[in-house]
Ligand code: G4P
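Here you get one chain, nothing else, as structure tokens; it is the form predicted alone.
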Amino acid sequence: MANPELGTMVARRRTFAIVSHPDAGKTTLTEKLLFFGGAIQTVGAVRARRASRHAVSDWMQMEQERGISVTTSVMTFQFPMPGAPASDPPIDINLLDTPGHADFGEDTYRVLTAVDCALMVIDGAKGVESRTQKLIEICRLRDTPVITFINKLDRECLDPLELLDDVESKLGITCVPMTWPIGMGKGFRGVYDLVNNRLHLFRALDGTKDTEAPADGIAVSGVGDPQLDALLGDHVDQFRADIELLEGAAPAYDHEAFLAGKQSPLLFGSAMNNFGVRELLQTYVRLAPPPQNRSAVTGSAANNPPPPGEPVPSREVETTEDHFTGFVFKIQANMDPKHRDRMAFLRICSGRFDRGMKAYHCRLQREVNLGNATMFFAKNREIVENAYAGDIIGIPNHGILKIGDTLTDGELLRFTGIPSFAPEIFRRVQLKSPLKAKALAKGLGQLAEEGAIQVFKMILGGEFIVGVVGQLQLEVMKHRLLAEYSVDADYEAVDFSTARWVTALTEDRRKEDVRKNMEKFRRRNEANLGHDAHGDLAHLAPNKWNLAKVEERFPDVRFQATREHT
């Protein structure tokens, strides 16, 4: 049953992830959103890679050194609802800055299961790039609403109408401009707010523009207002021509189409110069949905999926129901190297979290103490007293919580859609010092627990084989093992190029036949079999042709390229 008090708290929350191709300005935009949200007091903290300062969301040493994001950061801040009375409480925003690089796509995928909206950042000079396409495909699978921000208008960019067409043709999503740029690069004059009929004139941080304008823009009566002729000069004719084209081609904003992921509000600006960011944040708070209901598997099926073909019992978990529920979508070790901690990121789906409460761990089927849960501002934290659906909290973890775990107030549930993907690069770990064997096992175990790598302990010989999706992910693993666990090792290439998790097919077969088939499979392929960090059996193959032959020889075995966390 819906609780009106909970309904009020949930309605004041927004949870979103920022996604983009690498170098589109995503982390810069993250910092500027925090600035306009009042969470930080200084802008311009993103500098060249060798600068002494770095993005607040890039807390890991390797991120600071290379100027890239390699792990997801969670940040919480507040922002007033546009047009609301000053006495109204602000909106609580949970912002997740994700890695842009394809090698860390698994982390980004899991984050997208924990948010209700996505903010897509596009480099105005490059348009839609490959990584952006893949991320939006993931959003489309879940019908996640997407808001689009075209960045770097202070540089020479593609024509705005060309950018509009590029987004629509490559991503298959209809764009509805909320603001429109006037000029670009050295001739960039500002943006026009199409919703509120206000002109925002550009002024670079270095003061190169001589025009001072109010922060909330200059009110005009419309695109025909004579004020625009004086304010925009030579740009005014092109601006009016663009708006005339838009009025004939761009559809009207449809909120239901936006919530269904079919329309995307489109805004322009320059994150580096703090320009257009306030308007973006106002648009997001006004249009983005509050936390949404989620489907979950119920009863014994939460831990023991029924055989293929049998119905899976499930129910809709409403955000405003009294029952507390949430799921772990990320584990992060050593956010504070001084304490060697591990933190489980929990998305609350319903009910209310209270400090010190206990919850039912559905996988282990026992109560756990949630301890001093925290809310995040990058690596800085504050103890949280209460939290509601949509909030992301961190729970100190000592190996009890894993990615995909569901916590409730007693009901046996499992939220679905949090997978692991088969790795494509494999290495054998050879320690340089046998004294570090314990540290290696701990480091590999914790990195696998995070989902940063896959670790397979081979049945024959018991050696560790690590698997990653991309080369950069491998470099991060090496760096972290050395920096966080003092493990110096060699990483030898092995004769594996793909992996599949294996289980027995059980439909219409007796248990004895299933057991015999799996024993035969194990016996014939023992040299290629290992257990992952969760204890699940996996087959490592030298190439896809070899894998296909094994699949052909053992039709009673299911080979899976993804593994659902259960």
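The numbering used is simple: start at 1 and walk along the sequence shown. The shown structure was predicted, so the numbers you read here are calculated from the model rather than taken from an experiment.
Although it is not shown, the form predicted in complex with the ligand is what the next lines describe.
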271, 95, 407, 389: which sits within 4.5 Å of the ligand in the predicted complex by any heavy atom? 271
Is there a heavy atom of residue 154 lying 4.5 Å or less from a heavy atom of the ligand in the predicted complex? yes
Against the ligand in the predicted complex, would residue 21 count as a contact residue? Criterion: heavy atoms within 4.5 Å. yes
Partner contact for residue 528 in the predicted complex: the ligand, 4.5 angstroms, heavy atom: no
Have a look at 85-93, 480-488, 146-154, 464-472 and name the one stretch with heavy atoms inside 4.5 Å of the ligand in the predicted complex. 146-154
